[in-house]
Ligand code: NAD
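As a starting point, one isolated chain is supplied in structure tokens, in the form predicted alone.
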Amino acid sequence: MEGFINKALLIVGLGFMGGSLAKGLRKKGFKKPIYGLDINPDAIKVGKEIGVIDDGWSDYDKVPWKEIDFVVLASPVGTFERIANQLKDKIERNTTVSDLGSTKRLVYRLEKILPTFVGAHPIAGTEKSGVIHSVDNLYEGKKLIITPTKETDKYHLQRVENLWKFLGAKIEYMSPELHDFVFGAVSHLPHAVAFALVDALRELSQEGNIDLFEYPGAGFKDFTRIAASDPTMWRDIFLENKDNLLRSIRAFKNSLERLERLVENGEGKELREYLNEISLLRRSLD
């Protein structure tokens, strides 16, 4: 099933996600060359040393573009348009371009620059960053959202689908708008809350003149693990999906204010009912 790439794959942005894509392909028996392009020469150096890529560059002009027929953008989403403008006059005419980004309405802007672009978002990741932390099973068995538009070319759409089938992902289709609403709520909001919760503990430490970070238990560490994620990546996601994130933050604030009122008013019965309702809902997810 390697026909989805006839020449070589180029991963732009050789970090945890891009490195895990390369490792996953190798694990599945992918034999074609895998190249890397990253503004950080150290990422390329490490990627080559640990065998994630066959070769790599930090200079667009050094990339052997004629050898490449599939490109995946794995850098922060805020870089995508700049990268697309760099690629448009360099890639071969029938080169498929896709991405791993967590926001998708930018697909409409990208496909105007690159007509062969197809938006994709693997629902996988950790708080780790850097190619050194990449793993070979990150995408196996995970959901992969593809977000075609009316302009999406069917040939390139099929190639992207075949890539992720080869990796063992479970493919779903969504419009870019629905994707950004859904993941603004279930992914971007939890990350925003985790960052804000750590900040709240910092503020309370100053207020109480005690370092509260010396005392967190497993619950706090589990809940805020994702606040250790790459700040540049999440800055770009928050700003790119600003309207949906703000809508989700407002919904969260409303829920927090409801909880605050129940506690402040000492409404024990109502508080227990509320907590029980939410507890049952959460257990239903497992």
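Since the structure is predicted, the reported quantities are computational estimates derived from the model, not experimental observations. Residue numbers here begin at 1 and follow the sequence given.
Quick note: we don't show the form predicted in complex with the ligand, though the next part is all about it.
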For the ligand in the model of the complex, the stretch among 34-42, 244-252, 257-265, 63-71 with residues bearing a heavy atom within 4.5 Å is 34-42
- Message: in the model of the complex, is there a heavy atom of the ligand that lies within 4.5 Å of any heavy atom of residue 55, even though the partner is absent here?
- Response: no
inquiry  = I'd like to know whether residue 194 contacts the ligand in the model of the complex, with contact meaning heavy atoms within 4.5 angstroms.
reply    = no
Residue 124 near the ligand in the model of the complex, any heavy atom under 4.5 Å?
yes
_Just checking whether residue 76 would be counted as a contact of the ligand in the model of the complex - the rule being heavy atoms within 4.5 angstroms._
yes
From 169, 83, 157, 114: within 4.5 Å of the ligand in the model of the complex by heavy atoms is 83
Near the ligand in the model of the complex, with a heavy atom at 4.5 Å or closer, the residues from 183-199 are none
